[in-house]
Ligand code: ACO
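Shown next as structure tokens: one chain only, the form predicted alone.
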Amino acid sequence: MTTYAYETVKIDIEDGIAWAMLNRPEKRNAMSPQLHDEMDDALAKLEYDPQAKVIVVCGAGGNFSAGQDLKKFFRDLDSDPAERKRSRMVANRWRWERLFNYEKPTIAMVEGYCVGGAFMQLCGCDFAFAAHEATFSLSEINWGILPASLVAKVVADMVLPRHALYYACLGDAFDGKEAERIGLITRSVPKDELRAAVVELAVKLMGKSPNALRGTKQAMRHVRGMPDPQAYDYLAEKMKASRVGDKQDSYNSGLKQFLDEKSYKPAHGAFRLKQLADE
């Protein structure tokens, strides 16, 4: 069994759902270099842990994350350029490079504060659910910098340009309902319904073919920046790749159950998965 022992990150796996929790509640889960190192390590292990089918990125103590820890991530590293560069590389890797191409479906669960640099893992996850009462803020403008790293890029790609400009240039806070309205998150729900809504989504995702789901979510992310001819070629090859090593034999299983057994309707649910032993 994979071991997850950290100080600033907590991992709980239950019924196939891995809760990857930023665990600095006394700092509203502001991200330190240590937290970045530990989350990077945790996500690398969870990606190939057979017990973890869906990853939920969340925060301890009622907050998603207050962004970067201004003292530990900025001021304390000003005189150590080598460590500053290393920490920034690790921070970017788990919040974007890992999550963007992750093998398994990922969900951001936002309650409390989601500020500044936390928008990277918010947008890096495949889905994002938030409490109506959550507080979002691109606050960088309010302390004299711009949304750096990839924050400006991922927000500009996620929402309409007018919304991105408004909230980046003003730094105004907004709630979960507004985050859903502008397309920053998938859904906003009352706080006391948030965890149940996330579990419901995770269960639905676990009912899909893992290979087909992985290929689909990666394809949807990558084709956005492709011209049509490139997208045609990419999707054709992605289709072939998704069938390699597919223990569910998804293509043939789906066709057989629909055409021959008439046991399901694709518009109303997924085909029946085989029961496979975890490796």
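Keep in mind that this is a model prediction, so the values were computed, not measured. Don't overthink the numbering: it's just position in the shown sequence, from 1.
The form predicted in complex with this ligand exists for this protein as well; it is not shown, and the discussion that follows is about that form.
Chemist: Is Gln68 close to this ligand in the predicted bound form, meaning a heavy atom pair under 4.5 Å apart or at it?
Modeler: Taking the distances in the predicted bound form, the answer for Gln68 is yes, it comes within 4.5 Å of this ligand.
Chemist: Glu26 versus this ligand, in the predicted bound form: is there a non-hydrogen atom within 4.5 Å?
Modeler: Flag for Glu26 set to yes.
Chemist: So, in the predicted bound form, is Met109 in contact with this ligand at a 4.5 angstroms heavy atom limit?
Modeler: Result no; Met109 lies far from this ligand in the predicted bound form.
Chemist: Residue-level question: is Tyr167 within 4.5 Å of this ligand in the predicted bound form, judged on heavy atoms?
Modeler: No.
Chemist: Honest question, do Tyr113, Gly116 and Ile145 all end up within 4.5 Å of this ligand in the predicted bound form by heavy atom distance?
Modeler: The answer is yes; Tyr113, Gly116 and Ile145 each reach this ligand.
Chemist: Just one of 99 to 107, 197 to 205, 116 to 124, 152 to 160 has heavy atoms within 4.5 Å of this ligand in the predicted bound form; which?
Modeler: Only one stretch passes the 4.5 Å heavy-atom test: 116 to 124.
Chemist: If you check Met39, Ile55, Ala30, Cys58 against this ligand in the predicted bound form, which one has a heavy atom within 4.5 Å?
Modeler: None of the other options qualify; the answer is Ala30.
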